[in-house]
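Below: one protein chain in two forms, given as structure tokens, structure 1 then structure 2.
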Structure 1
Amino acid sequence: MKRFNSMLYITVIPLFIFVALFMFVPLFTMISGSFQPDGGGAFTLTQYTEIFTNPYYLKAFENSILISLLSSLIGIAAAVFATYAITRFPKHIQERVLVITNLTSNFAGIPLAFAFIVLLGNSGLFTLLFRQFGIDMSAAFDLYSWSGLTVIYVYFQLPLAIMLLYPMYYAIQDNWKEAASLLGASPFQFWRRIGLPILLPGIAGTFSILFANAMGAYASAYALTGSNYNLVPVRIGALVSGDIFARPELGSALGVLLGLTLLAAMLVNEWLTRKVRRDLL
């Protein structure tokens, strides 16, 4: 038995090495680099001082937080109703819809931006099609603006929210609905007083995941707008790769602050989730 347990521990060693090399080593390098001047050297807070005193980088955090909040709110609101609608379909249709949703949730980054450009860009399929009917889409919608970025963010937020919320609806048992109906409650009253409070902790947790997902999104925004819009991931990419010259230490400091922002969002969500659960008891 001891020999068997030893073999099990040995088989886990490659996993630990993989996690160390691709998670902890880059994390340690980023944190240590953020406390160094340009080019490396002694310990300094220069990079953080520049971030907090430069309106350009503060605006990047403001823009990232705003678009993350907006896309997460739209995504979670649409997902609540879409997920409920999916649960009303027959089981075999639900399985097919979930397969499509799963595929869609993984369709992000550069392919997603390219697909939107092909469909809704200045010479996109729908843009040209509507133009044939005398409708100028560019007057109402510009793909390369904040509204276009928001649409792309919502596109990859919505299927992820559906995949996370779908199992939670099965926590609401049918006999609860039947009991509420026998007591004279309408469907709206059931969802307002029983269904929605049960779902609230899960909705709050899903919202925090969507927010973190949007805050860290880089490829779609960069492929669509390049460096034209001031977002934290785009700024980090520009500093690391170097639009003019690279400043990886400053990029590391931005990365640390981005991570702390996500950690703060998770802690706030954890506090709200516990508060909601405590109020329901």
Structure 2
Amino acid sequence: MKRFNSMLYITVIPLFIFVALFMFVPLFTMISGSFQPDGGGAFTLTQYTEIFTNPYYLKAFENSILISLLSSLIGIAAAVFATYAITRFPKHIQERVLVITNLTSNFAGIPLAFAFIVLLGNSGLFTLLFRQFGIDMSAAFDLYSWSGLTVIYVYFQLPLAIMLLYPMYYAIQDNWKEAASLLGASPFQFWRRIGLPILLPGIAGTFSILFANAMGAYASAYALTGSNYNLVPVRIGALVSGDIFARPELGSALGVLLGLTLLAAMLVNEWLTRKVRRDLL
């Protein structure tokens, strides 16, 4: 009955060859490489024991997780309110605001880091401006330190958070609000009891994506200080790229752990959302 569908094979096989060559083979070699000593060889856990005993790499994970959590929290808190404001505009303005927001998302990585160097770098516009007023900003804020990096991370989180949250507000219908207010609920009560529980899974999912986005971000930090920031992606980049200190096996182990961190974050997030949502309702 079922006839041989040549079209299916002709189209699907090239795709799977690409996927195998550029997705599975690299992931597999990375995982197997992480269990080898420097320069390759028999199975060993030395790369992992080195990471877990070397405070430098543990610090990199701590830094990465902290800046990702912080930038995602700030980004999502601002975006939850800002996106709500956008949904209150007339439809044609909403469209325009979204297009413009999305456009700023191209300001990521190198161009973004550069824009902030222009604004807040050692001879940045704001830095000089404040100096004119006799305020030395460097005491409170240094672009090349963690505060600077947080400012940049929040910047690239915002457009993403807005684009992801925007469709979710359409799940909340205006007549629910009317119904709630007819029954005597204040706007605050409405959001606390109805709006937030409905939005929560979406917000949590968005938070997951933002967190993963920041955990994997490499270009912005790299553009600011080369390999100086002790972040996991920057460490990985330094360990594998072709300079004298290249230790690809150790880089692979860091890569595996980074992937596991992302996976763990996703699972914890899912579990937490289910729990919190039940409590709210």
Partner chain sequence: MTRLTRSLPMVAFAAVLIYLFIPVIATLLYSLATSWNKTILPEGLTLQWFGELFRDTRFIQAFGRSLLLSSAATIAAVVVIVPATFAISLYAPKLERWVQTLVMLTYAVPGVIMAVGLIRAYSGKGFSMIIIVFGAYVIGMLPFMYQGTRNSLRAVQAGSLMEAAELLGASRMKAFIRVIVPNIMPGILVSALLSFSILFGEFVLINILVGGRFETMQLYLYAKLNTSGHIASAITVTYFILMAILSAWIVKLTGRTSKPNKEPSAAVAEAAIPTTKAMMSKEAS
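FYI, numbering is relative to structure 1, first residue = 1. If you superpose the two forms and keep the largest set of C-alpha atoms that fall within 1.5 Å, you have the rigid core. Worth saying up front: this structure is predicted, and the values here are computed from it rather than measured.
Looking at the condition given, the form predicted on its own, one finds it describes the source of structure 1 alone.
When the rigid core is fitted, Leu15 shows a C-alpha shift of 2.5 Å between structures 1 and 2.
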